[in-house]
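Take a look at this single chain, the form predicted on its own, given in structure tokens.
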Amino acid sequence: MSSTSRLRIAVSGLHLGENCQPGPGVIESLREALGDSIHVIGLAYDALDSGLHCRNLVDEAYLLPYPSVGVDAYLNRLFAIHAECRFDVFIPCLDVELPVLVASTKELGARGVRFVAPTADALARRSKDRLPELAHACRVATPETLTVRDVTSLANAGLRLGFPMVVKGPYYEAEIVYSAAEAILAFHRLSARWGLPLLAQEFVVGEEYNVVALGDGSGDMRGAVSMRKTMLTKLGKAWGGMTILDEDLTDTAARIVRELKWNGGCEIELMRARKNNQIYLIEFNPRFPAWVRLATRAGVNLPLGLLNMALGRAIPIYSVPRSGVWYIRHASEAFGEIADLEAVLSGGRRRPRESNS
């Protein structure tokens, strides 16, 4: 089957590393369901995003500028890529892309770029700084969270919340700090990488769970799969996990999706406190997580459902996921030639897969 007759899907968030991005899991889930009937265009933000160079992951790939360059520059590059290699659907997999894309939904639609996105209001309400407000509306507990704009407000947060506490970036990364000195170091590291404001959050001792699901835009949650984290990186990211069936977790996630009328993929991070067994809302991530393929292996292919939504088709009727399905992330090397990097850096495009040896 030629690439021109395949369904053409653009996917971002291709990096695999300690802080893995969701793109590879989304692509692999779609390939499991659709095989060679799809042609995947990878959209990366760095020439060394490892997914660009993994054999059989993407068929061709392009570089995008970070959304921080501004709406016009970002959209102009996206439209130029679309004009060169027309794709049927775009699946954005990074938090930082969504504000630009949601604000430009009409313009994207007029250019023929189809994607699934929440409303601007829903996107704003799930942000980290408004999480307590969302949790209150959903009758869910959440750790006390304070906005941190400078070292003085950081010190005040430490006095109020005590140690250990969690210092979070506005989009990604969080560090558990055990003293004022560690908090200051984390403040400088995270603000240099992600900007201000940061967040300081009460530390809850307990067991960590994540729920991945689709929201259909009307308030219903589809295909929820719960996972208990079994291995963590130093950044607190899941390196291993196991699917479980837990009605309390599912019901909590469903209340949040219903409150937001969420449209598209999401991940709800929850904590069950050790002291009282209470469930706390930790974060609501506005896209699939890097571990989304675990849900596929448990019998719930959520990327396929998202693709159907983008194409105006019905979401599949999902069965109850299998419990006890586990994963552990495995690091491996990606190889290439200097010509691959030169092509990406000079032309913003990786050679098509068929051209690689």
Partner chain sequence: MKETPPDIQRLRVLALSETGFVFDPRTGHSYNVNAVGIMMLEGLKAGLSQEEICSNVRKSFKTGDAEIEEDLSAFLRILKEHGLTDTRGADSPKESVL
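For clarity, every value in this text was computed on a predicted model and none was experimentally measured. Residue numbers count along the first chain shown, from 1.
The following text describes the form predicted together with the partner chain, which does not appear among the structures shown.
S.K.: If you check in the predicted complex, do Tyr45, Arg77 and Ser104 all have a non-hydrogen atom within 4.5 Å of the partner chain?
M.R.: No, none of Tyr45, Arg77 and Ser104 comes within 4.5 Å of the partner chain in the predicted complex.
S.K.: Which is the contacting stretch out of 47-55, 25-33, 286-294, 322-330, given heavy atoms within 4.5 Å of the partner chain in the predicted complex?
M.R.: Correct option: 322-330.
S.K.: Report the residue, out of Ile176, Ile244, Ala73, Leu161, that has at least one non-hydrogen atom within 4.5 angstroms of the partner chain in the predicted complex.
M.R.: When the partner chain is considered in the predicted complex, the option within 4.5 Å is Ile244.
S.K.: Just one of Phe90, Phe187, Tyr209, Trp239 has a heavy atom within 4.5 angstroms of the partner chain in the predicted complex, so which one?
M.R.: Answer to the contact question: Tyr209.
S.K.: Asn156 versus the partner chain, in the predicted complex: is there a non-hydrogen atom within 4.5 Å?
M.R.: Result no; Asn156 lies far from the partner chain in the predicted complex.
S.K.: Does at least one non-hydrogen atom of Arg111 fall within 4.5 angstroms of the partner chain in the predicted complex?
M.R.: Flag for Arg111 set to no.
S.K.: So in the predicted complex, does Asp248 come within 4.5 Å of the partner chain, heavy atom to heavy atom?
M.R.: Output for Asp248 is yes: heavy atoms within 4.5 Å of the partner chain.
S.K.: Would Arg149 sit within 4.5 Å of the partner chain in the predicted complex, counting heavy atoms only?
M.R.: No - in the predicted complex, heavy atoms of Arg149 and the partner chain never come within 4.5 Å of each other.
S.K.: Heavy atoms within 4.5 Å of the partner chain in the predicted complex is the criterion; list the residues of 216-240 that meet it.
M.R.: The stretch 216-240, when checked against the partner chain in the predicted complex, contributes Arg228, Thr230 at the 4.5 Å heavy-atom cut-off.
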